[in-house]
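Here's a solo chain for you in structure tokens, the form predicted alone.
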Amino acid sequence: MEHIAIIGNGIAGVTAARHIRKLSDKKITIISGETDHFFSRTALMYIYMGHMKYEHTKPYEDWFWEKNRIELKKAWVSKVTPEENKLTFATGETMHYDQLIIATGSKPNKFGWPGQDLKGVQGLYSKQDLDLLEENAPNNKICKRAVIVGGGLIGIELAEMLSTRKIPVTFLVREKDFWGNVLPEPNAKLINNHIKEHHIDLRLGVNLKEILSDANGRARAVIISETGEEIPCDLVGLTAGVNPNIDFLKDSGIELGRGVKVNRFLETNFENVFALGDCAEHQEPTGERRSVEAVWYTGRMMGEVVAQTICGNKTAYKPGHWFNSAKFFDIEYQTYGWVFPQPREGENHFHWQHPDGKKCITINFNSQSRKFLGINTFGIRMRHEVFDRWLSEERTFDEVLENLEQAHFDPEFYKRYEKDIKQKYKTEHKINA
């Protein structure tokens, strides 16, 4: 019987396993040293905050895997030998496969900061990271202050988590605005203000110089590069992005770049080896998409695609229009299509913000054709399927603005802002109502 080995039990690997089982009777083994079972990584923060227990984050009951004849092996893979179709585990044990799926996700970036490997310094990505956070910051008596380095989505999650235990947080962001390399300035400034309102000590335009150690090898303070200021702390959260978790593949012969290099069928340079999710580097990215996409839903889509190929229906990965969502404390963010920090040549941004400073939208469109290119929304829920359709139909900015009500997520219970948004545009452009 053909054996499919899958390294990694995140959304990409598990989706591949589920769909291969739907389509075939092949032997399937999912390998992970992180946890016994698949869990929702995006829900890790809610365990620390007391909203959920770990078992609540598992989408499937523990009996699901045996019932569906998907074998689970808890182990770390230390070496892949594709010429022999062989995996070697950290224990020295080996396993053979017929086809291999690499879905090992990401690991937090480290940039060679002095002291980055001290006790009390950690990222927030894995279940082990969450367990370590419980040790490092169980309460505000053990952890009197935390410093978070890096202004991304994991950083803001960690800030929210720590604040729920009343642990003071200093947040170091190298850009002049939070997530300023992703968001247009008005959007980023709204989030700056929101972070500060939650009593986070937000430091913009600064870099970490080094982490200082106490006599026991534990972090006791950080030093800021620009000012030399020393900030005492008991925890340093390194959240300056992630990178593909591929170190164990360096001598495998599998072609690597930032991640595992794949074509549009998610194939590597070995015909029976595939890579999915955060660890895959696309050699033929679609449109504006990045070559490495650390996004939950694209991992799921890749899992579905590779299952088709492995089961005889060779299928290309076509992710469709870009979208994403996040939460900045209690402000929800959605993006559909492309909205860059600055309008590119031939593009224009229309921005509206509510007087309360908690809701805004930014729409990106072509200045000449007025083609709708993308939208950011903060504090206002919009319907994904509507914007996906409008992008496919190449609607104009004017059509989108006129029909914005159709995209509102819950018109029955939520206050409406379309009239105010349209009036702002008319006022800006001196259009008679």
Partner chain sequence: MAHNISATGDTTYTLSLQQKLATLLGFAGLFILALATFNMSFPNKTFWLTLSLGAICTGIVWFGVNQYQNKTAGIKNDGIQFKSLTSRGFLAWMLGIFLTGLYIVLYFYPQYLGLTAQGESNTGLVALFDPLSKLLSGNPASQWFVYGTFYTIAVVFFGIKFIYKYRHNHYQRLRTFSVMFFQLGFAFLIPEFMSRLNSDTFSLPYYDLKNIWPLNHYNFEQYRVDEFISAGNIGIALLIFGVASIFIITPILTYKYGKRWYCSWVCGCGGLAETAGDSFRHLSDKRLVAWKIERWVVHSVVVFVVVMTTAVIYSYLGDASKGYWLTRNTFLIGVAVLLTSVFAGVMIFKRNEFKKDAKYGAMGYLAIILVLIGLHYFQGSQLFLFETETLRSTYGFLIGSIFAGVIGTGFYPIFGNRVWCRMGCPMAAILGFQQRLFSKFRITTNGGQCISCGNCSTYCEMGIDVRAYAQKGENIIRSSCVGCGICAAVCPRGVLKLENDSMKGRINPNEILLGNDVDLMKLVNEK
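A quick note: this is a predicted structure, and the numbers were derived from the prediction, not measured. Positions refer to the first chain, counted from 1.
If you look for the form predicted together with its partner chain, you will not find it shown, but the lines that follow are about it.
Residues with any non-hydrogen atom within 4.5 angstroms of its partner chain in the predicted bound form fall in just one of 222 to 230, 160 to 168, 74 to 82, 237 to 245: 160 to 168. Among E197, E93, D251, E271, the residue placing a heavy atom within 4.5 Å of its partner chain in the predicted bound form is E197. Just one of D117, D330, D356, E284 comes within 4.5 Å of its partner chain in the predicted bound form, counting any heavy atom, and that one is D330. Taking non-hydrogen atoms only, E288 never approaches its partner chain to within 4.5 angstroms in the predicted bound form.
Contact check for T362: every heavy atom lies farther than 4.5 Å from its partner chain in the predicted bound form. The closest non-hydrogen atom of M301 lies within 4.5 Å of its partner chain in the predicted bound form. In the predicted bound form, its partner chain sits within 4.5 Å of a heavy atom of P319.
For the stretch 33 to 53, the set of residues having any non-hydrogen atom within 4.5 angstroms of its partner chain in the predicted bound form comprises S40, T42, A43, Y46, I47, Y48, M49, G50, H51, M52, K53, in sequence order.
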